[in-house]
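Given next, in structure tokens, is a single chain: the form predicted on its own.
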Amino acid sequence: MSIAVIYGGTRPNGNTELLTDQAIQALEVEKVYLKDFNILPIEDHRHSESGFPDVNDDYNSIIDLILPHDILIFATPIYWYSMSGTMKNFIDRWSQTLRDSKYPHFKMTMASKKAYVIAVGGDNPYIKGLPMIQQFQHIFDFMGTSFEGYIIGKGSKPGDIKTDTAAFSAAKQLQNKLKGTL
């Protein structure tokens, strides 16, 4: 089993990254920082006869990085009660990949994966972050991906997450679970 972490935050060493790093400590993972890639927004051509045109950006290189892995961890700050725009932009592009002849088995491949979500927010995230978790659940259900669990942490300013002992405990539990699958 191999693991890829898809980071949706834009702040280096942000709260979401710190919490995620606790969950993957001492594990071999592929780290994908979406902020380091140029991902253009989707242009909806789902109903066009010619389909989606090729897009000159880095999106396909990210897909190529994550597809070989069995476990995907989606790590995102909670922005305005949802995933970061960077993460949403990445997932929106899946509509294109589902119709891309270069990835004829994209949905089937994603259906073979297990997924986790790690998210940190500042405004009562344990309650207000739940619609975002539900959004991920719907995304994974559509793709056939097994949603194995999530961790929500509380933090606004840099380093705040370090005081959320419950989130760090959950990250440690996830780490132990992941070690057991490798």
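Note that the coordinates shown come from a computational prediction; the quantities given were computed from them, not determined experimentally. For every residue, the number given is its place in the sequence shown, counted from 1.
Beyond the structure shown, there is the form predicted in complex with another copy of the chain, which is absent from this document and is the topic of what follows.
For a residue to qualify, one of its non-hydrogen atoms must sit within 4.5 Å of another copy of the chain in the predicted bound form; none of Thr16, Asn56 and Leu65 qualifies.
Scanning Asp70, Asp36, Glu28, Asp123 against another copy of the chain in the predicted bound form with a 4.5 Å heavy atom cut-off leaves one residue, Asp123.
Another copy of the chain is not shown here, and in the predicted bound form it never comes within 4.5 Å of any heavy atom of Ala111. Contact between Met83 and another copy of the chain in the predicted bound form is found at the 4.5 Å heavy atom cutoff. Within this chain, Tyr103 is remote from the site of another copy of the chain in the predicted bound form, having no heavy atom within 4.5 Å.
Contact check for Gly51: no non-hydrogen atom falls within 4.5 Å of another copy of the chain in the predicted bound form. Along 110-138, residues Asp123, Asn124, Tyr126, Ile127, Lys128, Leu130, Pro131, Met132, Ile133, Gln134, Gln135, Gln137, His138 each place a heavy atom within 4.5 Å of another copy of the chain in the predicted bound form.
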